[in-house]
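The form predicted on its own is given below as one chain in structure tokens.
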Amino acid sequence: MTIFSSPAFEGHESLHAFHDARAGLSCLIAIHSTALGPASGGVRMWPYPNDQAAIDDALRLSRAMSYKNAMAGIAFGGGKTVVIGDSRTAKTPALFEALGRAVESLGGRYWGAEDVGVSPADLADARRATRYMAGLEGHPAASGDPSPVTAEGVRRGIALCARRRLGKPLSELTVAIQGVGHVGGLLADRLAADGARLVVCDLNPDIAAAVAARTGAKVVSTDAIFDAEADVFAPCALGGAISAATLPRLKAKVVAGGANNQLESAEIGRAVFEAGLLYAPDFVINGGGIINVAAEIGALQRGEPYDPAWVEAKVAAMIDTLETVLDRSQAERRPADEIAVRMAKERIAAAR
């Protein structure tokens, strides 16, 4: 089992493993940085094929959260929880209460929130055992499911990228969305309301069919989505969608979506740039959800209600930051993801 020598471990402060056999919990909590404040990042539940895959995912996602939080301009570092298990069959209140105890044991160094395979109801179960869980419902500071804010930020980011690269408004776009679950489904709804034409796929065909029924989207297979005739390719599933195998198949001139770690590697980021595609770095464009969570955490700490105006201002600033990244990429003739990583590291280093 590789931890410290893994490229994904770069810069991490700690990696915690928790196991509760009675509750059925096996999870990892990665804390990449607390320079800007307590680490914050979602709780993901996934049936990883082995422990190493779970470790690597936790580390990559945790580091991405440090960059995302820094670029979103919020006072949090980066962390991530991965729960090993099938969210369709293995969820129980006891499991999430055990997760809450694990989070509580870190003494506030990490705040959890919703991510793939986890709902606000699951987090409510965890909340019974820890103070450090956000993205909840039913109290004055509650922000609820962060997915709608993530989707809105991605929608605005797509609009910006399409204007810059294609000179088109949303109403004239065809967008291929890979994965139409929480964020991808909401993104599809919003883009359809803007008049965009959609091509969608999902591992769950029923979900894809439901999105198509309400948006008029064309449904294709999870493999055929890379060949779709589209202006924008929006990865909204798991990471690594843009790879050496898939990049040559893309017809789109813009890559902008809600998934984390969309590029298989930094080398792929350069290949995307050299191919003339405009790429919106994922940890910049998809920061709306963590901004929403940050609003709840701040409200809880101050004993105040959730402030939607603060969230709107931060999301607007996030899109301004994306434009700055794209401006610098164009001026320096360097890939946008390299520019964004450099900016995030500079912000984190300044906080130290």
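Each residue number is its position in the shown sequence, starting from 1. Rigid core (definition): largest C-alpha set, two forms, superposition within 1.5 Å. Keep in mind that this is a model prediction, so the values were computed, not measured.
Beyond the structure shown, there is the form predicted in complex with nicotinamide-adenine-dinucleotide, which is absent from this document and is the topic of what follows.
Against nicotinamide-adenine-dinucleotide in the predicted bound form, the set Thr246, Gly269 and Ser329 makes no contact: no member has a heavy atom within 4.5 Å. When contacts are judged by a 4.5 Å heavy atom cut-off, Ala237 counts as touching nicotinamide-adenine-dinucleotide in the predicted bound form. The shortest heavy atom separation between Ala134 and nicotinamide-adenine-dinucleotide in the predicted bound form exceeds 4.5 Å.
nicotinamide-adenine-dinucleotide is not shown here, and in the predicted bound form it never comes within 4.5 Å of any heavy atom of Ser105. Contact check for Lys68: a non-hydrogen atom falls within 4.5 Å of nicotinamide-adenine-dinucleotide in the predicted bound form. Contact with nicotinamide-adenine-dinucleotide, judged by heavy atoms within 4.5 Å in the predicted bound form, is confined among 252 to 260, 81 to 89, 211 to 219, 134 to 142 to 252 to 260. Checking Arg156, Arg165, His182, Arg109 against nicotinamide-adenine-dinucleotide in the predicted bound form, a heavy atom within 4.5 Å turns up for just one residue: His182.
Distance criterion of 4.5 Å from any heavy atom to nicotinamide-adenine-dinucleotide in the predicted bound form singles out Cys201 from the list Cys201, Cys161, Ala113, Ala126. Residues of 154 to 178 that come within 4.5 Å of nicotinamide-adenine-dinucleotide in the predicted bound form, judged by any heavy atom, reduce to Gln178 alone. After superposition on the rigid core, displacement of the C-alpha of Leu61 between this form and the one not shown amounts to 2 Å or more.
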